[in-house]
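Below you will find one chain, with nothing else, as structure tokens; this is the form predicted on its own, and questions on how it binds or moves follow later.
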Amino acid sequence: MTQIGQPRGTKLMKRAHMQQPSDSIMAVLSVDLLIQILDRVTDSCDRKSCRLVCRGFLRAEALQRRALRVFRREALPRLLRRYATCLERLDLSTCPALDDYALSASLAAGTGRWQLRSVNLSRASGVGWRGLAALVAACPLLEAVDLSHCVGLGDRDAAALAAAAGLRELRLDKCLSLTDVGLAKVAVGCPGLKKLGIKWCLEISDIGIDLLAKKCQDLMELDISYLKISNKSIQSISSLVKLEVLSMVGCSYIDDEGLEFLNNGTNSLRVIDVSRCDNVTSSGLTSVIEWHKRLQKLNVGDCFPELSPLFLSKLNGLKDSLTVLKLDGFQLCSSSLKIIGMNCKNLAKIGLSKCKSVTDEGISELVAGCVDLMTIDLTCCHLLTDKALMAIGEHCKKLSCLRLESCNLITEKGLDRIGTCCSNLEEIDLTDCSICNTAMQYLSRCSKLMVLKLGLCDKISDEGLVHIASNCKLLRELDLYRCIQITDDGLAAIATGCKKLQKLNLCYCTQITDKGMKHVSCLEGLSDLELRGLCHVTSVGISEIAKGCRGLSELDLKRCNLVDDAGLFALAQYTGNLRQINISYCPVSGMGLCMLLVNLECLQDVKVVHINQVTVREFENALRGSLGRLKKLKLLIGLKHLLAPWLIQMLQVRGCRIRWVDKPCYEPFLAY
């Protein structure tokens, strides 16, 4: 999905396309031909550049566009007017300060022309029943709406949405005010629902689930995770003969008796997730897999400690269908893994995180049978050594993701086999592993590597990063948390060799200085940067980042003790897309804080703990300037009784969730 509303393109480029001569070659090309040209431009930045070439391309792009993501509220009416005719998918989840008026007024621009089928309003806490009513009225073809994490959304809002009779997909995760009444409105008004998410809607009970099951018989996917429902709800759900995906994570009141209701003879379930269901045992799951022979994904992590022999034997009935099996937290012996390897030969993904009894022998038995595995999660399997990695390398040639966090016994010898045999590897997590630069040399053979996590690997130095930069040109995410031997030279190598990097974690890499920030600023595609605890980085380095990485959306500067107002001024001037920032413990003043919060119109998540040079009045001024935009705010609890009550109430009414941190306050901070 192309992102719109970002400050892309220079004034000079805009002026140039407005001054195109009438005899330009573009003037004689038809709109259909220009659309065909755009179809062949795959890079999103290149497509944005095409819009600046001439008005013809601008019109062609408007006719061709099907999806739109908006970052700025003030740009919304103009963009929707331009794309009203052909737009099918609209993402407003990152549009700050969106409320009923802004949504209604923007939709009015395209009344009668809307082709919208999907709208994402996730975390749009300012949108209520009026805005939803306007959305439903303006978009008669609406099929999918995402309102997840709109914590204030309640029954009246659900009733407004229920007027969209053609709705097929609806996400209401963590809508904490939604009750059985609101769910009933949706069930009656939208009987054709196929996908519904009501995760964390804690006010919904068995009554609401029962009515849902009666009215929405076409449901194919249902997420009821963490609801306080009983076996009665599962009995109601069992009547949904078309249900294929059921997620019930953390449903503590459901037990084996409830699972037995799923044995309704339909054999429809393809995916079931009962992880963290404390009262579910191996016996209940055995009955499920016995009746649903076409299960493709099964997640039973953190339920009960051991798998029974009967459960393992019944897996043989899923040998042709099961592709994903998650067994996190189980006590698994080698014989159990051998049975899984024999009975589930089509597995593409297995999760064994925190299975502390897993050994090299068990992994060898597993991979000998499951040669098509693409994702293997062995996080915190502390007994594994290089023998396990050698077995994986020998058998799993299709491996694309390997998670080995806290597997402290593996060395570069095992990673040598992985680097040699697993050429399709795209992601590897080596957090808290005792590996050295030689391991990086071996992994650099994996030219398709996109995610590399090396947090707490204190033996990795610049030499290792040079190896990675030499051949891993596709790297998108690099985690170097507390890699204390990394210096500016290592960042220079990464900035030169890994131009596509989007996410970089340098927290507590204490040797890095402003020179390193200059290298990082060359990564123009960087969107997420973590610099926590970099004691030698100053505002000069942050200014370089601000000027070079203008697409930055998340920035962590916590405990960067040399970053002051000058750094914040640069961020306020250049990083217009910044949505999340942490400046806790930074020596900034009220002026710097105010400049940051007022000028960054996309800013939604701010952490400002122990900003001791900022007075209460200055805090109030800064927060007033960002009213309506902030969705998350982290403050010291000492401020709770010092800030104006009306200001706190206004922030919360406009959808901002405030997290009060209970830490001692310093006297300068409390000064008014």
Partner chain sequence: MDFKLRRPPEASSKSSSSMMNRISNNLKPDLPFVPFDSTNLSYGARQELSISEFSPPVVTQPHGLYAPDKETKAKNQVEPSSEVNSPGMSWDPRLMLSNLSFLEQKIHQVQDIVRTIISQEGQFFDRANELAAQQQLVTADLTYIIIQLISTAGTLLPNIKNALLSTTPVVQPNNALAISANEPTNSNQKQQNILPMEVAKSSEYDELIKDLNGCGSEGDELIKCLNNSGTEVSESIPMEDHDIKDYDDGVDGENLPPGSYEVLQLEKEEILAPHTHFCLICGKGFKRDANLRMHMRGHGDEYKTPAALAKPSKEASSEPAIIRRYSCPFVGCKRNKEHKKFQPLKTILCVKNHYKRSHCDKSYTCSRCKTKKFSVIADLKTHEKHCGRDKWICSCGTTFSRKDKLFGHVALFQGHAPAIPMDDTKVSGTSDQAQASEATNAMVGNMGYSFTGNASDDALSLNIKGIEDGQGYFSPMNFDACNFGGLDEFPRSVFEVSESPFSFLSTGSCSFIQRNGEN
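The model shown is predicted, which means the values in this text are computed figures rather than measured ones. Numbering follows the first chain given and starts at 1.
Omitted here: the form predicted together with the partner chain. The next part is about that form.
Trainee: Hey, in the model of the complex, does residue 129 get a heavy atom within 4.5 angstroms of the partner chain?
Mentor: Residue 129: contacts the partner chain in the model of the complex.
Trainee: Residue 339 versus the partner chain, in the model of the complex: is there a non-hydrogen atom within 4.5 Å?
Mentor: No, residue 339 stays farther than 4.5 Å from the partner chain in the model of the complex.
Trainee: Although the partner isn't part of this model, could you tell me whether residue 207 comes within 4.5 Å of the partner chain in the model of the complex, counting any heavy atom of the residue?
Mentor: Yes, residue 207 lies within 4.5 Å of the partner chain in the model of the complex.
Trainee: With the partner left out of view, is residue 214 within 4.5 angstroms of the partner chain in the model of the complex by any non-hydrogen atom?
Mentor: Residue-level check for residue 214: yes, a contact with the partner chain.
Trainee: Within 4.5 Å of the partner chain in the model of the complex, counting heavy atoms only, one of 394-402, 581-589, 154-162, 280-288 shows up; tell me which.
Mentor: Heavy-atom contact with the partner occurs in 154-162.
Trainee: Pick from 181, 566, 271, 383: which has a non-hydrogen atom within 4.5 Å of the partner chain in the model of the complex?
Mentor: Flagged contact: 181.
Trainee: Of the options 598, 324, 188, 241, which one has a non-hydrogen atom that comes within 4.5 Å of the partner chain in the model of the complex?
Mentor: That would be 188.
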